[in-house]
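In the block that follows, a single chain appears as structure tokens, in the form predicted alone.
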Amino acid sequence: MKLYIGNKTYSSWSMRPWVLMRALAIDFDEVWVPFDGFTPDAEFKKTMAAIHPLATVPVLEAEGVIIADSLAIIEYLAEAYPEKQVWPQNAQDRNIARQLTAIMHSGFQAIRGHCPMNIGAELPDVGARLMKDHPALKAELDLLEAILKPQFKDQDFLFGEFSAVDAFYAPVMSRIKTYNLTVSAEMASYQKRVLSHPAVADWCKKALAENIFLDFEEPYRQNINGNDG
């Protein structure tokens, strides 16, 4: 089984299945496809287009099937490895976890657009400017608090053990740290637990080891005094 991923520093979508599979001890071979751009003539795009027409990461190759979407990969893993508890065991918890995962999969466009994932960077000044200039960013952080707060119980992760839903929210927890975004004490505590999980910490350690700077992934550094994130 192969998992195709992009740069660990920047690729939030790649992070999700990678950390889940590591956390659940699901064996796979990692295939790293470095970003060099996202135009059709970029080597990254040409490489991934040869694997799947979407030409994106992550992609899972398993049992002769090519799965080119992070949520689809998670559902494949849930069926292929029922003993691994990709989703919570309790049916009600499982339904809520799937809902939260789907919300993250399709939503939070302001956080995604204004606060790109950047493992290891410390950009509090950028974060403060973005919070001031973009009300939609604050609104999405409020939404994040509202949908996750009911799960902040006396447990390490959203449904006890680390599962798919925690893997899906891990990149946002990284963004909160990178940009020093203002969140509640409960969210900050959850953030620290997620980032301290061995699989997530290993991803971050490997991201730092890449030691690659891509200017097209970091527009906020190019326009540090501007109004756009």
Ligand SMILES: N[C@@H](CCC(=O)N[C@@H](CS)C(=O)NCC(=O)O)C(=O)O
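In this text, all values refer to a predicted model and were calculated from it rather than measured experimentally. Residue indices: 1-based, along the sequence shown.
There is another form of this protein, the form predicted together with the ligand, and it is not shown here; the text below is about that form.
A.B. asks: Any chance W13, K45 and D69 all have a heavy atom within 4.5 Å of the ligand in the model of the complex?
C.D. replies: Yes: each residue has a heavy atom within 4.5 Å of the partner.
A.B. asks: Consider the chain as shown here, without its partner, and state which of R98, H105, K84, R129 has a heavy atom within 4.5 Å of the ligand in the model of the complex.
C.D. replies: By the 4.5 Å heavy-atom cutoff, the listed residue in contact is H105.
A.B. asks: Should P58 be counted as a contact of the ligand in the model of the complex, where contact means heavy atoms within 4.5 Å?
C.D. replies: Flag for P58 set to yes.
A.B. asks: Just to confirm, F28 within 4.5 Å of the ligand in the model of the complex by heavy atoms?
C.D. replies: No.
A.B. asks: With heavy atoms only and a cut-off of 4.5 Å, decide whether F38 touches the ligand in the model of the complex.
C.D. replies: Heavy-atom contact with the ligand at 4.5 Å: present for F38.
A.B. asks: Have a look at 158 to 166, 190 to 198, 30 to 38, 177 to 185 and name the one stretch with heavy atoms inside 4.5 Å of the ligand in the model of the complex.
C.D. replies: That would be stretch 30 to 38.
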